[in-house]
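Heads up, the chain below is alone and in the form predicted on its own; it's given as structure tokens.
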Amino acid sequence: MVEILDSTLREGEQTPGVTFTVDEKIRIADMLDRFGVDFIEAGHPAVSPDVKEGLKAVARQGLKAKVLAHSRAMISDIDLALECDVEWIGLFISVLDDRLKDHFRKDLCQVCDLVEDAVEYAKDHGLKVRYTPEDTLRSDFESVVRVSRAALEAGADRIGVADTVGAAIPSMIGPFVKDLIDRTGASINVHCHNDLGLALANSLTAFDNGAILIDACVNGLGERAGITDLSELAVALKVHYGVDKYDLEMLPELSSLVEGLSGMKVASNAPIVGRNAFSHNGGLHVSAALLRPSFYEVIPAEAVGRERRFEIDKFSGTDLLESILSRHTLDLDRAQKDRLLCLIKSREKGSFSLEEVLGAARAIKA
């Protein structure tokens, strides 16, 4: 069974311009826990005192979700995580050739030793460990295998595959994950960025090829273009894989909370939680959706806490008009209905509100 790690409190807070207070982090974590995520990545304690306090506060809430700290593969970072009472730690360091040479000034042997020491230290102090070679998909595969084996031999519980710059496509990440599992036997987690708009597709492909956990953020927050969106992921898992352990009806409330606290507005056309996600406009669409919503909805609006909406504008047809008049017990004859429909279609730009339509209907009837 797949697991979801929500990183809104860590990756999400790395969205440019987004910060959360400690109290806000507790509110978000509580709602994520009730939604049912399996892990909450609650911060990197070396970043700042308030990030450390937020991580500690979330870890002490007694949540069902496992709380994970983000950490460089450094003893000093691990010590800070230990002070926060977390159960899990996510260690990372890159093995990308140019990064090792130009940034870290280390060779692969040195990095393997560093990772082994960090994993052993964390395990010796009672932590469960996920190790991720940052920018995994652009790194040399043999280097990833080598450092992953070093981490596993030192006691790491899981290996992360990170598409750090969102450069992967499904046909790349699928074989990579499968081959890494074959070569190491590791339990694989994936963290996919959305720079090419492929985070969800890459995440699901990784799952198809053996990954057991997918990282996500509420409203797809994160560095640059963000990472896999939690609502899209949870609904895709329900629709295509029958995963039924998350409370999908909470998605609008969860999205709204994070939208308000982050200041990052959700696009109207965002899947699942956007204003238009369950809005129908074209006459044929509306006619079919009124008869059976599944004709034009991948999942019923009600299943994800939404209400179905029908836009009233020049694309509207007779079926929508009949539905509106029936629901509001307005009895117009055929000629009056035709006049009303002509009025609606005469507006070149913009929509009609329900109140406008009802007012026009009453005026025509009078």
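Keep in mind that this is a model prediction, so the values were computed, not measured. In case it trips you up, residue 1 is the first one in the sequence shown, and so on.
Beyond the structure shown, there is the form predicted in complex with a small molecule, which is absent from this document and is the topic of what follows.
Q: Heavy atoms, 4.5 Å, the small molecule in the predicted bound form: which of 157-165, 199-207, 170-178, 111-119 makes the cut? Say which one.
A: Selected stretch: 157-165.
Q: Go through 132, 262, 194, 255 and name the one with a heavy atom inside 4.5 Å of the small molecule in the predicted bound form.
A: Flagged contact: 132.
Q: Is it true that 14, 70 and 92 each have at least one non-hydrogen atom within 4.5 Å of the small molecule in the predicted bound form?
A: Checked in the predicted bound form: all three residues contact the small molecule.
Q: Heavy atoms within 4.5 Å of the small molecule in the predicted bound form: does residue 10 have any?
A: Close contact exists here: in the predicted bound form, residue 10 approaches the small molecule to within 4.5 Å, heavy atoms only.
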